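This document opens with one chain alone, in structure tokens, the form predicted on its own.
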Amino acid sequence: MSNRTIPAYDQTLTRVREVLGELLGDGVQSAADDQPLTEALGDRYDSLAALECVSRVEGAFGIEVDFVAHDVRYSFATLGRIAEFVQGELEDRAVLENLG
């Protein structure tokens, strides 16, 4: 049985803001949860920055993003979607650990 604690959605969102704020700057803190990052950050959120965000999120949460199975363009378009994606991955991992 897994002893892993899954954070609440709000905690995950806060951590996503911290992680991406280190990479992309203060605009991450003022962006609305559902605001497209391309709109909130402008040129700072280009395709290279998006890939760096995926890498940072993987490292911060210990998850792996599958570029084939996951719709990264959708999941990493807003802070809220990123937090939802991370939350789902953490929950899936906990379920799998409980099965094994």
Partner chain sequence: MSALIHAQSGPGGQAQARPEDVGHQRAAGTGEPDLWCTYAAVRTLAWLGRTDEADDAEATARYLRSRRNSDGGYAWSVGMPSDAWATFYCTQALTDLGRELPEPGGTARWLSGTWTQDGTGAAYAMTPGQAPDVWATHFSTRSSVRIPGGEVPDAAGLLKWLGALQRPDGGLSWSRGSQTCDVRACHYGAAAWYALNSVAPAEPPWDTEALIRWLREQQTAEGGFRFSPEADVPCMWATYRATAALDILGGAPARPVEPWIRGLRGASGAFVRWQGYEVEDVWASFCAVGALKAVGASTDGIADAVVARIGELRCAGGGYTYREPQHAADALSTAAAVLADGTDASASRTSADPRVAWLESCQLPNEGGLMYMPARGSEIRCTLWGLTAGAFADEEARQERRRIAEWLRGLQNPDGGFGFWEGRGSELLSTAAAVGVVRRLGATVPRLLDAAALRGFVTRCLVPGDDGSAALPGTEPTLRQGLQAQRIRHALGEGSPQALTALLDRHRVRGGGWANTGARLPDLLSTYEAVATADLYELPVDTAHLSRFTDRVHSDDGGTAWSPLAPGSGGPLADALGSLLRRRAAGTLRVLPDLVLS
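Positions refer to the first chain, counted from 1. Keep in mind that what you see is a predicted model, and the values were worked out from it rather than measured.
Note that the form predicted in complex with the partner chain isn't included here; everything after this is about it.
Contact check for Ala40: every heavy atom lies farther than 4.5 Å from the partner chain in the model of the complex. Contact annotation: Glu58 falls within 4.5 Å of the partner chain in the model of the complex, judged by heavy atom distances. At least one heavy atom of Ser47 is located within 4.5 Å of the partner chain in the model of the complex. When contacts are judged by a 4.5 Å heavy atom cut-off, Asp26 does not count as touching the partner chain in the model of the complex. Contacts between stretch 64 to 86 and the partner chain, counted in the model of the complex as any heavy atom lying within 4.5 Å, involve Glu64, Val65, Asp66, Phe67, Val68, Ala69, His70, Asp71, Val72, Arg73, listed in sequence order.
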